Structures are given as C-alpha cells and as structure tokens.
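Take a look at this one chain, the form predicted on its own, written out in structure tokens.
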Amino acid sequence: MATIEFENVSKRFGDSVAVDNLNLTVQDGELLVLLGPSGCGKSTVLRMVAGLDEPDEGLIKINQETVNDVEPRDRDVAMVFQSYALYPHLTVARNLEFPLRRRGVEQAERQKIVSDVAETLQLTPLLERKPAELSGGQRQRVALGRAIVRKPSVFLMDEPLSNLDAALRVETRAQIVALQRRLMTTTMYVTHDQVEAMTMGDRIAVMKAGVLQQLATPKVLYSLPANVFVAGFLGNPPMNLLPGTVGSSTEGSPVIRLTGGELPLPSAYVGLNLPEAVFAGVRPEALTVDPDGSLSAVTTIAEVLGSEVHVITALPDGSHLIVRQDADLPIPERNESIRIRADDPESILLFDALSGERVQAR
C-alpha cells in the first residue's frame, strides 16, 4: 500500500494549462475519485502519477519518495484504461500472466497467481477464451485482473466503465469497490460520472479547468459544496441555484428575495455580513409543490422517472427551478402556474454571486 502526494503540481500543453498548482494527498488504502467534466485535467493527473506525462512544476511522491524522475516501470503502479488494452491474439490466461512473464516470474508461481486472480474475478471458466469471445464486462474484468496480478502499490483507473452499458456499469463498479476494499490497494479512479464518484469514492476530488475545486467525502460534497460549480455538478438533478438578494419580508423577518417570491433566510446566516447579491442553493428534493408555497413558477415539463418525477419550472426571470417529488403525487401540467415551498429552510445554502464561493454560516 502507499500514499500519493502532489505538491504544487502543474502541467501545460503549449498554451493550455491542464493542471494548475495541484496540492492533494491520497491516503494509504484509499479509493479517491477524480471527478470533473471532459478536459478538466483529471486524466492528466493520473498519467503524471503513472509517469506517462511529466509535471512542468511541483513534486509527485509515492510513499514519500519523489518519483518525478523515476521511470514508469519502476513506480510500482498498475493502470486500467477505458479501452481495456488487451492483447487480442492471447487467451485470457495469457493476458493475465503477461505482466508476470515480463518480470521473470517462474511458471508455477505464474499459474498460481493467475488462478487466484481468475477465481476472485469469476474469470476461471473464461481462461481459454480470447478477448473477441468476451462481453464488455468480461473484458474489463480481465483488464482489472492484469493489473491485480502485479500486486502494485497503486491502482490507477482511467474511466474503466465508460464503454459498458448501464446495467454492466452498476454491476462492475460494485465489483471494483468490493475488490478494492478487500485488497486495500491505494486507488485513484477517474470519471466524469457523478453517480460512479458518489457510490465508489472514499473521497472525491472535484476538478474544473485544471484546478481542484473541493476535496471531501461524498456526503460533505453533496451537503456542503464549496462553490456554485460543485453545487451544480453534484446531484441528479443538480442543486437549484437561484439569483437573489437578502432582505426582510413585509412582516420584518429575514428572507432571500427571488423574482418568483421569497425563501426564509436560514438562522445560521442571520446577523452575518452577507454579500449584496447571492445564489440560494436548494436541492430539488427539499422543495414541494404547494398552493401555499412562497415561490411562484410555471411548469416547463415534468419528467416521469418511475418512482419519482422531476418537475422542471421557470421563475419570472427565466431561471429554472427543479422539484423532485414522488410519482404518486399529482403531476403539474405543462405551462401550469404553481407555487413551491421549501420543506426545510435550514438546508438552504447561500453562495456569493460574484465569487461563486459558498458563504460560511455560523
């Protein structure tokens, strides 16, 4: 097992900054997910750990040893790619043992290691097949097995499930998590899929344009996003971010004024020196369609998703607001005028409209 440390790491490709001053520590035995949109630098971070790309600035350490000048083969890391990268002319067994052959491991030991890994990944019946005879999920398990046989200090996984269909992704990500928990090998996992990140990661590092936005557990990221980017990126559907100002209601109580009405100001913000312009962050599941609600909106569309419905609405200023409700509740019609209330005003977050950062509450 190992720790991985990034100290002020930057990487450029010409005039493009792929990674900008990254400071991050992956803990021993942790499964850390790098999450962000395409082009945010997450795969470049992985490639720098593997030694496939060199940082322009900063240090990368594995087990407290700087590896900037260490050859990829000497870093004791194993990488699993999106494309499987299997040898098509070799059987599953030969694919699995290939890294061991390269290391000069004796045949008897090779066979034992391959047999153990195949049993772990439920590949034993497939050992004599070639990749063309396997399903996508089976090929991905072979790719995982080829990394496992090396018994590396670090696993690096670059969007390994993106070529699988939805059902296989769910099954295979559960297998990866169970395997990582059993082996306790330090793992960095790259994905743009927030569901993968939230269900797999011990912690998640959210990136945007090469910059680390927030590093936290899935629970903290969801409940206390650091800024509007993280708030809007995490969650399905994402957090509502409604432009408004802080003021007082006609009764004198503190409220957040929006174009469609107002929301109560959470008590944790009362008495603080707040920005003049804010975004009110409200999760869709914290809202309810209610004739007595304090917000006025017009239904754009209602998406029926089996057990739940996403009611997508528009406020008078054109900003969108989504309500997530149970499918057995009345579903508003398109272009219907409705009112919405916040179930738990204390769950509302405020973000500075200028900086985008979450306002620290008491």
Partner chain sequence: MSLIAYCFILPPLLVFSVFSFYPFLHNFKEALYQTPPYPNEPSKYVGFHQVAQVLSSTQFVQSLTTTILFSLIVVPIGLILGLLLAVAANRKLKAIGIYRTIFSSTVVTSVAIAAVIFGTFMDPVVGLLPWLGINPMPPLLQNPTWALLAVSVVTIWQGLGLSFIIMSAGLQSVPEDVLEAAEVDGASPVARFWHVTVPLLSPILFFALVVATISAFQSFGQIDLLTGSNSAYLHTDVLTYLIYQNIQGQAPNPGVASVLSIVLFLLTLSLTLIQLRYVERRVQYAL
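C-alpha atoms forming the largest set that superposes within 1.5 Å between two forms make up the rigid core. Positions refer to the first chain, counted from 1. These figures come from a predicted structure and were not determined experimentally.
Quick note: we don't show the form predicted in complex with the partner chain, though the next part is all about it.
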Site test, Ala286, His320 and Ile338 vs the partner chain in the predicted complex, non-hydrogen atom cutoff 4.5 Å: no
field: The single option of Ala205, Met79, Val117, Leu263 touching the partner chain in the predicted complex, heavy atom within 4.5 Å
entry: Met79
task: Go through Arg129, Arg181, Lys151, Arg103 and name the one with a heavy atom inside 4.5 Å of the partner chain in the predicted complex.
output: Arg103
- request: Quick one: find which of 87 to 95, 211 to 219, 252 to 260, 194 to 202 has residues within 4.5 Å of the partner chain in the predicted complex by heavy atom distance.
  value: 87 to 95
field: Close approach of Gly232 to the partner chain in the predicted complex, 4.5 Å, heavy atom
entry: no
- prompt: Do Ala327 and the partner chain come within 4.5 Å of each other in the predicted complex, heavy atoms counted?
  reply: no
query: Is Ser135 close to the partner chain in the predicted complex, meaning a heavy atom pair under 4.5 Å apart or at it?
result: no
message: I'd like to know whether Ala50 contacts the partner chain in the predicted complex, with contact meaning heavy atoms within 4.5 angstroms.
response: yes
field: Sequence-ordered residues of 158 to 177 touching the partner chain in the predicted complex, heavy atom within 4.5 Å
entry: none
query: Would you say Ala167 moves its Cα by 2 Å or more between the shown form and the other one, aligning on the core?
result: no
Threshold 2 Å Cα movement between the shown form and the other one at Ala216, rigid core reference: no
query: Rigid core fitted, is the C-alpha displacement of Arg129 between the shown form and the other one 2 Å or more?
result: yes
